[in-house]
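Have a look below at one chain only, the form predicted alone, in structure tokens format.
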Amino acid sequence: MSTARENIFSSIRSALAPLPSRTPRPEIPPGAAEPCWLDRSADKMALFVQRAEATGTRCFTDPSACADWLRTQNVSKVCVPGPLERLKSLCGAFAEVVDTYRRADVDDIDAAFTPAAGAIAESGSIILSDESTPDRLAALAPWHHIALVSRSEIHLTIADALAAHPDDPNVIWVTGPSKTADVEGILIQGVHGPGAQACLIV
């Protein structure tokens, strides 16, 4: 005999079951989301830095300057993944450096570098995807997050970014540090993600 509880759990299991096929991403016609104010000949990197810093993202093109900023933030443990030996050396001068972000260390790691899929000059956003940033915890849990953005992956407009990036099950556009506000208008940073967002353009 069926019960309300069994009906509810049966509905949940059905909803969570893998779909036989994914709905294809809709085609976006050229010019559908073209910003009228944006000159196509604009310097993508300069515009990205301007727009990103307007949202609260610190932008660096020199690893030494990025490390110096982290030093002023009094971080004591930094996650630097992969073979980024220069960054490891620079950060190692003032903090403990690890190359893997482990869940057990979530309360100890103050800052983490993660690779980004790209960036958008129009909005000053950093693009994180499952393919480019598989260690999502490292991008969301530390107070200081530094995304590694390739100059060649800076897209001029949102439409350009949508057209250029492949279909990915999980894409996040990061536009400044995490922020939230209550009905009284009190703005708080770092509630749902990093309180200090930066990018190192390489």
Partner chain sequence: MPEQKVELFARRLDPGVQKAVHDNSAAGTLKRYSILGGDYDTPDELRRLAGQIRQHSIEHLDTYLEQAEKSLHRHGAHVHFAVTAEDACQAVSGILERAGARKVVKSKSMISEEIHLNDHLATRGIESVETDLGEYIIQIDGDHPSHIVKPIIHKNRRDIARSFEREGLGDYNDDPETITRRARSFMRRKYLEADAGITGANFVSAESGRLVLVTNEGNSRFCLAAPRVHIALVGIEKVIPSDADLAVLLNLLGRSATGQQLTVYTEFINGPALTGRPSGPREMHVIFVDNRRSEILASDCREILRCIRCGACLNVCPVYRQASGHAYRSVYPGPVGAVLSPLLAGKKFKELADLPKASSLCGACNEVCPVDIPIPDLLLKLRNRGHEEHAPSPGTPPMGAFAMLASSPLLWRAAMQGSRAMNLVPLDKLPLPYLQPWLKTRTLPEWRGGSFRRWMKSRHSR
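Just so we're clear, the structure is a prediction, and the values are computed from it rather than from any experiment. Numbering follows the first chain given and starts at 1. Think of the rigid core as the biggest set of C-alphas that the two forms share within 1.5 Å after superposition.
Although it is not shown, the form predicted together with its partner chain is what the next lines describe.
Undergrad: Pick from 163-171, 146-154, 41-49, 60-68: which stretch has a heavy atom within 4.5 Å of its partner chain in the model of the complex?
TA: Checking each option against the 4.5 Å cut-off leaves 163-171.
Undergrad: Does any part of residue 131 reach within 4.5 Å of its partner chain in the model of the complex? Heavy atoms only, please.
TA: Within the cut-off, so yes.
Undergrad: Answer yes if any heavy atom of residue 34 is within 4.5 Å of a heavy atom of its partner chain in the model of the complex; otherwise answer no.
TA: Yes, residue 34 is a contact residue.
Undergrad: Do residue 56 and its partner chain come within 4.5 Å of each other in the model of the complex, heavy atoms counted?
TA: Flag for residue 56 set to no.
Undergrad: Is there a heavy atom of residue 106 no more than 4.5 Å from a heavy atom of its partner chain in the model of the complex?
TA: Residue 106 belongs to the contact set for its partner chain.
Undergrad: Could you run down 124-152 and flag each residue that has a heavy atom within 4.5 Å of its partner chain in the model of the complex?
TA: 125, 130, 131, 134, 135, 136, 137, 140, 141, 142, 143 sit within 4.5 Å of the partner.
Undergrad: Align on the rigid core first; then say whether the Cα of residue 11 has moved by at least 2 Å between the shown form and the other one.
TA: Comparing the forms between the shown form and the other one, which are aligned on their rigid core, residue 11 does shift its C-alpha by 2 Å or more.
Undergrad: If you line up the core, does residue 165 shift 2 angstroms or more at its C-alpha between the shown form and the other one?
TA: Indeed, residue 165 is displaced by 2 Å or more.
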